[in-house]
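Single chain ahead, written as structure tokens, the form predicted alone.
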């Protein structure tokens, strides 16, 4: 099993290389997903958890008081604490439409998000559309290969075709939203949502797995934690726990 640093050296995709190197440098495979609705809450959580994370996963369109200043402050915190930004936009339209959603509108996602994600349902044109505006800015794309919600349709043939689309676009696709490791290729990073320190689920069908299971048993690379951190009384302390558990599972896997 290769280390994150060894994989970074083998990477041809610069976004993947940067993330893997950062993970090794900070000794963290934790991504925080603060699904809060105010700019102040988002920035507060990022400042508190920033030292523990490699990545923040944002949903910028749920912020009720969004302004360009929020982006400026997020980027400042990114530079202060050395993490990357993943906008969980889940693009799912034809190439021309997603290209405009990525680059235009009020969010201008391509200008500040190191990586975004997309469903493979529309076919390879969605990758082409995003790549046209993202590649020149050094961005990366994550494809949804699997999901953590009960009864989801991202299984079987859908997953197989998604993996093939990634293999056809290694210059832009950096990995997968998935429950487990998908491909034995250093360029592709596996990101797993639905992680808590104890297994279980919520009443809306979300299924939770532990860092030990996700990293150690299922071979994923990055744990994505939402409510377990931002819903805690002390998000900084809780993020530290998740970082330590995720890194321990990674070292045990090696």
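Keep in mind it's a predicted model, so treat the numbers as computed, not measured. Residue numbers count along the first chain shown, from 1.
What comes next is about the form predicted in complex with 6-sulfanyluridine-5'-phosphate (S5P), which is not displayed.
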property	result
Residue among 169, 99, 182, 117 with a heavy atom within 4.5 Å of 6-sulfanyluridine-5'-phosphate (S5P) in the predicted bound form	117
Heavy atom within 4.5 Å of 6-sulfanyluridine-5'-phosphate (S5P) in the predicted bound form - residue from 215, 189, 225, 54	225
Partner-facing stretch of 42-50, 63-71, 215-223, 29-37, counted where any non-hydrogen atom is within 4.5 angstroms of 6-sulfanyluridine-5'-phosphate (S5P) in the predicted bound form	29-37
Residue 165 within 4.5 Å of 6-sulfanyluridine-5'-phosphate (S5P) in the predicted bound form, heavy atoms	no
6-sulfanyluridine-5'-phosphate (S5P) contact in the predicted bound form: residue 193, any heavy atom under 4.5 Å	yes
is_contact(residue 177, 6-sulfanyluridine-5'-phosphate (S5P)) in the predicted bound form, heavy atom dist at most 4.5 Å	yes
4.5 Å heavy atom contact, residue 127 to 6-sulfanyluridine-5'-phosphate (S5P) in the predicted bound form	no
59, 148 and 206 all contacting 6-sulfanyluridine-5'-phosphate (S5P) in the predicted bound form, non-hydrogen atom within 4.5 Å	yes
6-sulfanyluridine-5'-phosphate (S5P) in the predicted bound form - contacting residues of 72-104, heavy atom within 4.5 Å	88, 90
